[in-house]
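Shown next as structure tokens: one chain only, the form predicted on its own.
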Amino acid sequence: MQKYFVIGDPIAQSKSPVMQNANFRDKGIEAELMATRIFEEELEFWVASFRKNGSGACVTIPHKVSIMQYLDEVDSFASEVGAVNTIVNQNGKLIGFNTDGPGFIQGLEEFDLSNRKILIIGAGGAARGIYYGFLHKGLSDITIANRTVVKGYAICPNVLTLEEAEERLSQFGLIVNTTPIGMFPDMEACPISLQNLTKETIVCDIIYNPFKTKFLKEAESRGAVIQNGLPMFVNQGALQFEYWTGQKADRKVMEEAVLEQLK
């Protein structure tokens, strides 16, 4: 039985085990993905154990950047992003990838994003992946809003405070929340005020639990088109599965497994 892991802190809310294990079963692969809570100070020890016993891993908040120092190789996109959310173990050699950006972009294929100014809220690992995903898609009119401005400048030359972003919200045609604010169980929280939102704006939240965050409910009530984190979650997970196994993932099987759990 091959062992796969999703590591983070917190981790109880993750639906990666449900989604990936459904895919393993569908493909007839004898493997299991397990959720493991890892504190920052435990990361090096966990990597040493994983090197001997694990086949692959998903990496989530807050380890996407700090995990890189313990890997043997990081692919060019993940290196450019400066964050890893996927590890492949090739006979003890650990290789890092980033599927956040490509997964998010795949989830937006139904929308015409040309001539839209983009606002990314947050400056963590997911924000990095999504920012570089947009750049690779040829979209460069991007601004980051973050509580700590200096973290935003480490990713993007255009940075606003959260208060400045709230004031200028009407300028943006696509807004993406990449922070965990509003995630279960703190579901009444909102990353920014949407008072100045226009109804022509597309508003995305990479959170999928709850299925519709307070942030998205507010945007929808103001007439905006909304998208939750499920398309990104399924697409980035499918890409992870393909890195691990070399087989094509069944996105429908994965999505149905997550939706069943969220019910």
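Keep in mind it's a predicted model, so treat the numbers as computed, not measured. Throughout, we count residues from 1 along the sequence that is shown.
Keep in mind the form predicted in complex with a small molecule is missing from the figure; the text below concerns it.
**Student:** Decide whether V81 counts as a contact residue for the small molecule in the predicted bound form under a heavy atom distance cut-off of 4.5 Å.
**Tutor:** Outside the cut-off, so no.
**Student:** Is I181 near the small molecule? Define near as a heavy atom within 4.5 Å, in the predicted bound form.
**Tutor:** Within the cut-off, so yes.
**Student:** Report whether the minimum heavy atom distance between L160 and the small molecule in the predicted bound form is within 4.5 Å.
**Tutor:** Result no; L160 lies far from the small molecule in the predicted bound form.
**Student:** Indicate whether the small molecule has at least one heavy atom within 4.5 Å of a heavy atom of S140 in the predicted bound form.
**Tutor:** Although the small molecule is absent here, S140 would stay clear of it in the predicted bound form, with no heavy atoms inside 4.5 Å.
**Student:** What stretch, of 73 to 81, 88 to 96, 148 to 156, 106 to 114, brings heavy atoms to within 4.5 Å of the small molecule in the predicted bound form?
**Tutor:** Only one stretch passes the 4.5 Å heavy-atom test: 148 to 156.
**Student:** Which one, V47, A224, I61, A31, lies within 4.5 Å of the small molecule in the predicted bound form by heavy atoms?
**Tutor:** It is I61.
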